[in-house]
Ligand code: KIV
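The chain below stands alone and is given as structure tokens, in the form predicted alone.
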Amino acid sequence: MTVTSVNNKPAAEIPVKHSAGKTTLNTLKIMRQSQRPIAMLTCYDFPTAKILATCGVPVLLVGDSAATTVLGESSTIHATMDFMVLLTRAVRRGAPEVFLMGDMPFGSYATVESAVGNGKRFLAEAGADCVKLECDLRHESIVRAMTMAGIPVCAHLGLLPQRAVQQGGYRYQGRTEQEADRLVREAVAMEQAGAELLLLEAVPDRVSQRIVEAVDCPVLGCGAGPSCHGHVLVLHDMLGYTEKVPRFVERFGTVTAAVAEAASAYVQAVETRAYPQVRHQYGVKES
């Protein structure tokens, strides 16, 4: 299998970037100031985290998208708090130097008390550097309380998968001037409440540009155009595991073909008795 980039450049020619120390919130702010784009990917397990840690990915997000990509559920709302903490701990062990973001699952930040308590779990139990929660103006007090408790927050604005039903489905946001104005107000309010990062999902670049100009913190985009300081993709979408993906997803490789090829070769080897061979067997010590 040959993995290629968006420009069909062979993976062997793509330089591998190794971490130069722990990536922190301050690192991301410096990257923003120096106009160095921030690359973020989702990650859900230890071995994948080990691989991504060698590739220069500064930020990993343990997203509640694990409910759909890993568990096969129909919605992200099926991710539980215990499940998310468990995955985040695994990713932290695999990638100790990255900036690690834990995704607050559905219902885990319904009140100030639950938000602070569950946010602390991500930091204390799972080793996360930051938590992400899907926000609007109603979450201003929650973000402020979490910040006061010492929990770094990334405020997720725009398309909110946990509330897709309330938003009329998985529709991009900021379609009208009224919606765009609301998103800008929400972004400013979240930063003023203490959010250290913003994540915009499925909004036009014109709206992203307005938000970038209105706030001082790094703004990450998920289908939000080139004006953002960085971008995030769901790893399984990027690698070809997912059949139907949003329009903003670029497939940078097709891992499924390699997995299918290896599994088929294994089945054939077993059925033809080519596996196992002598070298795969344990011996018995003679008395």
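Don't overthink the numbering: it's just position in the shown sequence, from 1. It should be emphasised that the depicted structure is a prediction, and the values quoted were computed from it without experimental measurement.
Below, we turn to the form predicted together with 3-methyl-2-oxobutanoic acid (KIV), even though it does not appear here.
Within this chain, residue 132 lines the site of 3-methyl-2-oxobutanoic acid (KIV) in the model of the complex, having a heavy atom no more than 4.5 Å away. Contact check for residue 218: no non-hydrogen atom falls within 4.5 Å of 3-methyl-2-oxobutanoic acid (KIV) in the model of the complex. Mapping the unseen interface onto this chain, residue 61 counts among the residues with a heavy atom inside 4.5 Å of 3-methyl-2-oxobutanoic acid (KIV) in the model of the complex. When 3-methyl-2-oxobutanoic acid (KIV) is considered in the model of the complex, residue 186 lies well away from it, no heavy atom lying within 4.5 Å. With the partner omitted from this view, the residue of 228, 232, 49, 28 that lies near 3-methyl-2-oxobutanoic acid (KIV) in the model of the complex is 232 [heavy atom within 4.5 Å]. Shown without its partner, this chain lists 140, 205, 201, 196 as candidates; in the model of the complex, only 201 has a non-hydrogen atom within 4.5 angstroms of 3-methyl-2-oxobutanoic acid (KIV). The chain is drawn here without 3-methyl-2-oxobutanoic acid (KIV); in the model of the complex, the stretch among 249-257, 51-59, 28-36, 232-240 whose residues come within 4.5 Å of it by any heavy atom is 232-240.
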